[in-house]
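Before any questions on binding or motion, here is one chain by itself as C-alpha cells, the form predicted alone.
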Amino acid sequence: MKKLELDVRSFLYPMPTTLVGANIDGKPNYLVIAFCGIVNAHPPIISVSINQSHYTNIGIIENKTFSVNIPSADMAIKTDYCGLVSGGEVDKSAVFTNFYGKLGTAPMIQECPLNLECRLIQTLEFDVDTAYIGEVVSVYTEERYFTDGRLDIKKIDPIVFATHERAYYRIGDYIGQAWNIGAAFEGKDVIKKKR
C-alpha cells in the first residue's frame, strides 16, 4: 500500500492524558496536558510542554515544582473540564482532593491512580510552547492499583488522547510480554551483521 504524507506534526499515537499541577499564589491549579513524555530513566526525568498563554506556567516558574497526575477513565469529565477553563478565571482547587509530598509546593490529585512529584530542572522556550523538564522526586499510588506486586495498567485505566480526532480513549487489549514476544521472529530470514 502507498504511504500518505501528512502535515508535519508531532504525531505520537496515542498520547497520555495528564493533569499537570502547580501552586499559584498558594492555591492548587491543574491543566490537562497530552504533550508529556519520558526524557531519562536514571535519574527519572520527564517533560511537559505547555502553551505559553496558560495560567499554570506562572506556578511552575514561581515554585520550580510541578506534578504530573495520571487520571483514570472514570475521571474524564473532570479532567476535560480542567482543560476547558483557565485557572486565571476559575478556581480549580476544589475540583479534586489535593495533597502535597516532599517538595510541599507541587499539588497532586488524590483521586488519580498515579502521581509524579517533580522538581523543575530546565526550561526550553519555543515559539508557542514552553517545555518544562522535571526530575521525578516522588511517585504516589495506592495498593489497589497493583497486581502481583506490579502496577496494573488495567486497574489504573489511564485516559489516552488521539490528537487528530480530539478524542479520549481507554487502553486496549493485552498483546504480549515486552522484550519477549520478539524472540518468535528470531531466525526468520534475519541477516545478522558480523562484528
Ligand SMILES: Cc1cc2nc3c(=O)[nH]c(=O)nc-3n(C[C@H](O)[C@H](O)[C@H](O)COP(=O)(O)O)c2cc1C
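Note that this is a predicted model, so its numbers are computed, not measured. Residue positions are given as counts along the sequence shown, with the first one as 1.
In what follows, reference is made to the form predicted together with the ligand, a form of this protein that is not presented.
The ligand contact at residue 94 in the predicted complex, heavy atom, 4.5 Å: So residue 94 does not count as contacting the ligand.
Proximity of residue 138 to the ligand in the predicted complex, heavy atoms at 4.5 Å: Output for residue 138 is no: heavy atoms all beyond 4.5 Å of the ligand.
is_contact(residue 83, the ligand) in the predicted complex, heavy atom dist at most 4.5 Å: Yes, residue 83 is a contact residue.
Contact flag, residue 69 vs the ligand in the predicted complex, heavy atom cut 4.5 Å: Output for residue 69 is no: heavy atoms all beyond 4.5 Å of the ligand.
Option from 23-31, 141-149, 59-67, 38-46 whose residues, in the predicted complex, bring a heavy atom within 4.5 Å of the ligand: Result for this chain: 23-31.
Triple contact flag 73, 164 and 169 to the ligand in the predicted complex, non-hydrogen atom at 4.5 angstroms: Checked in the predicted complex: no contact with the ligand for any of the three.
Residues in 38-63 with any heavy atom within 4.5 Å of the ligand in the predicted complex: Those in contact are 49, 50, 51, 54, 55, 56.
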